[in-house]
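Below you'll find only one chain, the form predicted alone, shown as structure tokens.
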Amino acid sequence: MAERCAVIGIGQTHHTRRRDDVSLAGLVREAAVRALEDAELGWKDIEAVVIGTAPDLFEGVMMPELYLAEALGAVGKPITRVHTAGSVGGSTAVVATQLVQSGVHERVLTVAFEKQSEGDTSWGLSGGRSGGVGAGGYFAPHIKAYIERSGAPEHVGWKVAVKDRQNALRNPYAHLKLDKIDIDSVKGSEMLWAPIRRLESCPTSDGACAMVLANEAGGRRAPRAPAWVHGKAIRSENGFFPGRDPVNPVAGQDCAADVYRQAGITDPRRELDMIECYVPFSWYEPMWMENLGIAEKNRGWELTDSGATAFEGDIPVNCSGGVLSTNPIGASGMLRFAEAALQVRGQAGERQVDGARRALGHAYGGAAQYFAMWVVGSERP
């Protein structure tokens, strides 16, 4: 029988466009130290380290897991590098969870990061070639396809952008905070990739996120309420094959179904208290609500438009401000996982959903082909 796994420590850095005050190693260590302090543990208590980040060329540091070993107390310990495009932060947490559930290690430190100010993200996304259209240029046609097939009105994207940017004001770690944000300001922002406007698009950030995971004994000894992992999964599919639906990928559907099965969830719309979802462009909220089985096909926009996903709604989405407000690409997925864990631990501060007991963390990447998810709860599964 697999060991039960608990999140007993969480640490984030202050995510900003530029973190000139620290090196890359310092940025990562800062998050790790905060996670250890939350767990009331020291470096000697960690048995293994799992690192996640986007491609090496994003910052120009080859094999960063070796460069960062000393900063993370990992010299002489097993250290693993994970990479699955933008979903990597979530995939990294899943790999670390597996090391605990398999019984290989009792306590694992997992860290994900990006320092985009020291690299060229658009160049990296183009495979090291000039002239790339960027992530927005790739996903805009998928968004247009969704709008056409669902008949969604254009204000839905603006509404998601306003919601998440207002939620960011509750989050001390959010990178982009706009005190005055409304439908008109989003609608009036310049068009970047039709139909995506500037304020419907994610920023680029420097930042890191870390978590300490422990087995059941460690979870029971934790000084603060842990978040128990009820289910986790990773799925991927080829980004280009005949008949593939990039608007509602099968890999995402399968990943969600597996996580729900493990967690004993049969009606995610009613059994989840909140969701931290990877939404780099505002229209992806209704699209992913369908992919996750929260809404019926072509009806996700109605869920968003009704206010159900707002902070005060019955299934809040991205109470932290989400990727629209904070996006160190390699860490963005882990931030979704960590924010879900903070909610069920009752430690989300001003962004806390009252009574949150079970939450979903979600990440995707590549050509909407890589997916990682977990369900965490306040009670031991």
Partner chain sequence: MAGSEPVSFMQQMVSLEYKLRASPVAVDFARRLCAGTITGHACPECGLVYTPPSGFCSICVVPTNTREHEVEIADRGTVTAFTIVNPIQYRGQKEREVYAVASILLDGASGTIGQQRLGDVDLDRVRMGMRVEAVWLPEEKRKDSAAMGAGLASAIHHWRPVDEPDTPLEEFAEHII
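Numbering follows the first chain given and starts at 1. All values reported here derive from a predicted model rather than from experimental measurement.
Below, we turn to the form predicted in complex with the partner chain, even though it does not appear here.
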| query | finding |
| --- | --- |
| Interface segment, criterion being heavy atoms within 4.5 Å of the partner chain in the predicted complex, picked from 368-376, 20-28, 354-362, 7-15 | 20-28 |
| Contact at D120, W123 and W193 by the partner chain in the predicted complex, all three, heavy atom at most 4.5 Å | yes |
| Touches the partner chain in the predicted complex: Y173 (any heavy atom, 4.5 Å) | no |
| Any non-hydrogen atom of R129 within 4.5 angstroms of the partner chain in the predicted complex | yes |
| Contact label in the predicted complex: A140 to the partner chain, heavy atom within 4.5 Å | yes |
| Distance check, R220 to the partner chain in the predicted complex, heavy atom within 4.5 Å | no |
| Contacting member of G293, P246, G73, P203, with respect to the partner chain in the predicted complex [4.5 Å, heavy atom] | P246 |
| Listed residue that, although the partner chain is not shown, lies within 4.5 Å of it in the predicted complex (heavy atoms), from N238, T266, S306, S102 | N238 |
| Contact set, 143-172 vs the partner chain in the predicted complex - heavy atom within 4.5 angstroms | K144, A145, E148, R149 |
